[in-house]
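The chain below stands alone, shown as structure tokens; this is the form predicted alone.
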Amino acid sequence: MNQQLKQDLHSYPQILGAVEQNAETFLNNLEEWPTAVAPPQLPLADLPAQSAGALAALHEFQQRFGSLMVASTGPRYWGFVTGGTTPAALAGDWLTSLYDQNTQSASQTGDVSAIVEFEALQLLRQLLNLPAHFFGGFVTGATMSNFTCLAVARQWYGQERGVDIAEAGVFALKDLKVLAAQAHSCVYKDLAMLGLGRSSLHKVKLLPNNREAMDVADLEAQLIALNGEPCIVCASGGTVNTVDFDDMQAIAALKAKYNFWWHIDAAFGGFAACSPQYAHLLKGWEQADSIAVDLHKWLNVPYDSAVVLIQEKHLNLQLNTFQNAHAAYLGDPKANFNYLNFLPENSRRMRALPAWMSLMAYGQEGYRDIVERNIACAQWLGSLIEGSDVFQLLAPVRLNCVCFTLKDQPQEKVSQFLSTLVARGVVYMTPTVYLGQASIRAALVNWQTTETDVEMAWGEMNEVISEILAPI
């Protein structure tokens, strides 16, 4: 054995202690840690010829990169939809790396990580008030969760047409249509990866009065025009700019009349279901064929983590979509359950453990608090903007996203304001476009965010806008 590897083998206490010390420094200073940095132009290092060991590598990382890490796990990182990491989830993630299980089989001799995944899914279904007939699995994020669901939907469509798409390929498909109103950009990416093409998505009209939800009457008109031919309907369980929801009950009623696969992209809006105050936004979603939910958003577990939820009645379609070609060492896919035959990846880390730890640690009460507190903070920020002379709220704060711009200012000023605000490192927001207008979006999903963070962000916003609009 290499001498340095041998030395590190006997130095775990020192190595893990050094990592713990770095973690404590970061976590204890998270409130003051910048939410953005300007990375310097660093030369890329060469591969060492000799072994230096884990402590040397850790020192090198801290010297070159440690201070350039940003507080994306902190309470004022409101860019994209980035959740933090609860203490329990962090512990679970460290254990995931420690045990390094390849989570696959739940019915053959081996480890129990698939059982942990089954249990984590049960806890999640209970948090979201979804019935037990949703089968699930963990993937990397919303992109792969939507991809997996739409892949099974593609197989269903082929079945309706009398074709096995997994065997014959997408060349056997004819005129497949995906109907959606305000689909996330990753859905277009998924359609491209699935060989269906971005152009297979046909837009459903939006409701009037600046809504981002689909006009169900137009959806029905498009379904009628298909004359009974199958299609896929992709509904939104929370749009990215204003967290608008498609009418789940109305779509469920249409499903009883027309032939379509109903998929819901509920990447972060799905967590509204754990609050009695907001659960009505998803009423009826339990009748969908598939649901995508992202966990490194509002569940506040580390990247990368999301779940696929597909009704068990479609289990054979899921197996036909993802099963491996026969390989003796993998066993019979129809005789023994193995996740590698039900999800895209053959090799997967134990992603379920951080979610399991956090769900067990904080339960229904804890997650209801996170969701409702984030929403209350977002609504307060929205009210501050609404009462401002310089900022303009572009849409009601329906859940946890605040979409706003500057009053009577050109796009350049909006961009200048945001870039200056972000560069100060106290709060992070991202640019967007809403109804053709240059806008700014703040998404509050962090478990630590409180009113104090809103006050700090509001103070920063007003200081920056005063500088930007000050007379020269």
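Quick note: we count residues from 1 along the sequence shown, nothing fancier. These numbers were taken from a predicted model, which means no experiment stands behind them.
Not pictured, yet referred to below: the form predicted together with a small molecule.
- Of the heavy atoms in Gly238, some are within 4.5 Å of the small molecule in the predicted complex.
- At least one heavy atom of Cys186 is located within 4.5 Å of the small molecule in the predicted complex.
- Although the partner is absent from this view, Gly141 contacts the small molecule in the predicted complex, with a non-hydrogen atom inside 4.5 angstroms.
- Interface residue remark: His296 is counted as part of the site for the small molecule in the predicted complex, having a heavy atom within 4.5 Å.
- Heavy atoms within 4.5 Å of the small molecule in the predicted complex are found in exactly one of 70-78, 265-273, 205-213, 281-289, that being 265-273.
- Checked against the small molecule in the predicted complex, the residues Thr103, Asn400, Thr86, Asn146 give one hit for a heavy atom within 4.5 Å, which is Asn146.
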